[in-house]
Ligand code: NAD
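As a starting point, one isolated chain is supplied in C-alpha cells, in the form predicted on its own.
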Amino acid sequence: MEIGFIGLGNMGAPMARRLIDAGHKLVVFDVRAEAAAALGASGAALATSPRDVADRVEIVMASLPSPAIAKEVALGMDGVIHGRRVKRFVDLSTTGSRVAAEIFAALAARRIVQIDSPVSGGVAGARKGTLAVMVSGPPADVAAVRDLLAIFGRVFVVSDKPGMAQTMKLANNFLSATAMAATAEAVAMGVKAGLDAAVMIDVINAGSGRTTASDGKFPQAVLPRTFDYGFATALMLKDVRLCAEEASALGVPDKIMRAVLDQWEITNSEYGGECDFTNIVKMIEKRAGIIIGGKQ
C-alpha cells in the first residue's frame, strides 16, 4: 500500500521505518531534509510539502511535535487539506481534543476524514512496534487503517467521536508525568535520609509503589545518570499543560495536575525544553542538595 508520512522525528522516523519494513511504499516529508533523506535511503519517495504528500497518496499519516504545527500541516496554505488524492488523514500527534475536532471539521468539509490516533510508549516502543495506539474516528475509516496502525503496536479504539483519543492520551501522559515527578521526590527524600537509591528502586519495584518511572526511567536513565530516555522535557510539559487545560474546560478537579504542571514548568525553564524529561530529577536534586545514582 502507498502511504504518506509527515514528521520524521524521534517517534515518526521509527514508525515510518516500520511501515517500510512491513512492505509498504512511503511518500515522506519533513522540514529537515536530512531526516527525509534517511528514509529515502530506505526506499521512501521524498515529497516537497504536506500538500505534495497528499497529492500522491490516499492515506496520510503525521507525527508532529505541537498542536500549532499539526494544524499548519493539516490546514495550512500548503497543507494536507489541499491535496488532490488524500482521503484519510491519520494524526499520530498529541494535540488535545479541541484541536483534533477543529482539524476533523475542516477536513470533513473537503471530504477528507481525520482519524485521531496518538501513541504512547516512547522511542523504544516505536522501534519495537509495542506502542499503545489510541484511535477515535468514524468506524469504517478506522477499520480501513487499523492493520496499518497495528504495525506500531496494540490498537485501542476508544470512540467514534473526534478528539476522544486525544483525551485518552492526555490522561495517560499526565499519569506518566506524575509518576516521574513523584518518584523523583520520593527517592530524593530517601537518599537525603541515608538510603541507597538503587536499593530504594528495587524495593519500590517489588512493592506497591511501582510506577513506569521506577520500573523503566530510573534504572535506565537516572541511576546511571545518562538522562537519555528519549523524550523531550518540552513535549512532556506540553502534554501536561494540555491535560490541565482540558480538565479545566470540563470542570473537573485539577489541583494535582496543576502541581505536576508546575514541576515540569520549572524543569523546562531551568534545563531547557530540548533536554530529556528525566532531567526533572536534577531539578529535585538541586533543591534537596543530594545526587541520586551514579558513583556516590
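Numbering starts at 1 and follows the sequence shown. These numbers come from a predicted model, not from an experiment.
We do not show the form predicted together with the ligand, though everything after this point is about it.
Item to check | Site test, Ser63, Ser93 and Phe231 vs the ligand in the predicted bound form, non-hydrogen atom cutoff 4.5 Å | outcome: Answer is yes for this spot.
Next on the checklist: Can you work out whether Gly79 and the ligand are in contact in the predicted bound form, taking contact to mean some heavy atom pair no more than 4.5 Å apart?
Outcome noted: Answer no; every heavy atom of Gly79 is more than 4.5 Å from the ligand in the predicted bound form.
Item to check | Val281 within 4.5 Å of the ligand in the predicted bound form, heavy atoms | outcome: It does not: once the ligand is placed as it appears in the predicted bound form, Val281 has no heavy atom within 4.5 Å of it.
Checklist entry - Hey, in the predicted bound form, does Ala16 get a heavy atom within 4.5 angstroms of the ligand? => result No, Ala16 is distant from the partner.
Checklist entry - Do Lys255 and the ligand share at least one heavy atom pair within 4.5 Å in the predicted bound form? => result Contact with the ligand, no.
Checklist entry - Taking the ligand in the predicted bound form as the reference, which of Leu75, Ala198, Ala144, Val123 has a non-hydrogen atom within 4.5 Å? => result Partner contact (heavy atom, 4.5 Å) among the options: Val123.
Checklist entry - Here the chain is shown alone; which of Val31, Ala259, Ala41, Ala249 has a heavy atom within 4.5 Å of the ligand in the predicted bound form? => result Residue within 4.5 Å of the partner: Val31.
Next on the checklist: Can you list, in sequence order, the residues from 5 to 38 that come within 4.5 Å of the ligand in the predicted bound form, counting heavy atoms only?
Outcome noted: Going through 5 to 38 in order - heavy atoms within 4.5 Å of the ligand in the predicted bound form - the hits are Ile6, Gly7, Leu8, Gly9, Asn10, Met11, Gly12, Phe29, Asp30, Val31, Arg32.
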